[in-house]
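Let's start with one chain on its own, the form predicted on its own, as structure tokens.
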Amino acid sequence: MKKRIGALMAVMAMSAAFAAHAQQPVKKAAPNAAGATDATTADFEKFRDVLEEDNPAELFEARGEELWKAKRGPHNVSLAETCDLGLGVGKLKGAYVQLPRYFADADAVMDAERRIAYCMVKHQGFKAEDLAKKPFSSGNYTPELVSLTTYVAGHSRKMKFAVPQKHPKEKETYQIGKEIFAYRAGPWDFSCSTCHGQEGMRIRTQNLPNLSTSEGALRAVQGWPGYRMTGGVMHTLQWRLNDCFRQQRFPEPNYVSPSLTALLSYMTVNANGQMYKGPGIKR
């Protein structure tokens, strides 16, 4: 066990060196004759494959397990005995790859992180405003919801995305997400589709997936929650989408807002039928 933790900690220590990677301006990617990605991306994929053998995400999963099973909050109950993620109270296997989905008790479509936050408020008695005060990882600080979401996601490894589109509100949420994806505004007249609506786009050394396609959508949701090498912290898709709004110079959405659930619904439904590998490593 000590050897395992030591290996994970060594991977985390490499983050600072990786953060110094050179940056390039936005431009078209340069595929080779076989259609492969550019050399920088190919090298990073090899690097990531090696590191994921001792993925630091496991440390956050372990912390999430403790939080999931512990009796906490003003009501002194555990999420394991009160929280239904769509498959029954306390059932986690396959739940992450079937979210966002409609929940009758909330009369709303919810993604994984939003649903866990809902359970913490409704069942454990935490205050929503407290959860939203500092919702994203920074430095040595990791919000409880990040670890909990990572733990839940880990129970869907090697399972296929199967986000439901049966309830009218599930269908409506997907369409709202599609509209948000295409909506242009702000000082730069950007939309999500500006960077993620066509093939061959790149920002710095990062190839940008086309989220309107099944393959591109999978690339966008794959590996989240993810341990981010540039910073050495664990992040969820809530953070990733919030940061995209920031980079577009849009007002940043409220934490676990319906707008983010809608975007996550659009992205994940587009990835349906493809395999989720589990929490991963990101740049």
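Remember, it's a predicted structure, so these values are computed and weren't measured experimentally. For every residue, the number given is its place in the sequence shown, counted from 1.
Omitted here: the form predicted in complex with a small molecule. The next part is about that form.
Chemist: Heavy atoms within 4.5 Å of the small molecule in the predicted complex: which stretch among 168-176, 113-121, 185-193, 75-83?
Modeler: Among the candidates, contact is made by 185-193.
Chemist: For the spot marked by 57, 59 and 137, is every residue within 4.5 Å of the small molecule in the predicted complex through some heavy atom?
Modeler: Negative, none of the three is within 4.5 Å.
Chemist: Is residue 92 a contact residue for the small molecule in the predicted complex, using a 4.5 Å heavy atom cut-off?
Modeler: No, residue 92 sits far enough from the small molecule in the predicted complex that none of its heavy atoms falls within 4.5 Å.
Chemist: Using heavy atoms and a 4.5 Å limit, would one call residue 256 a contact residue for the small molecule in the predicted complex?
Modeler: No, residue 256 is distant from the partner.
Chemist: Although the small molecule is absent from this view, report whether residue 207 comes within 4.5 Å of it in the predicted complex, heavy atoms only.
Modeler: Yes, residue 207 sits close enough to the small molecule in the predicted complex that at least one of its heavy atoms falls within 4.5 Å.
Chemist: Does residue 220 reach the small molecule in the predicted complex if we count a contact as any heavy atom within 4.5 Å?
Modeler: Contact check for residue 220: yes, within 4.5 Å of the small molecule in the predicted complex.
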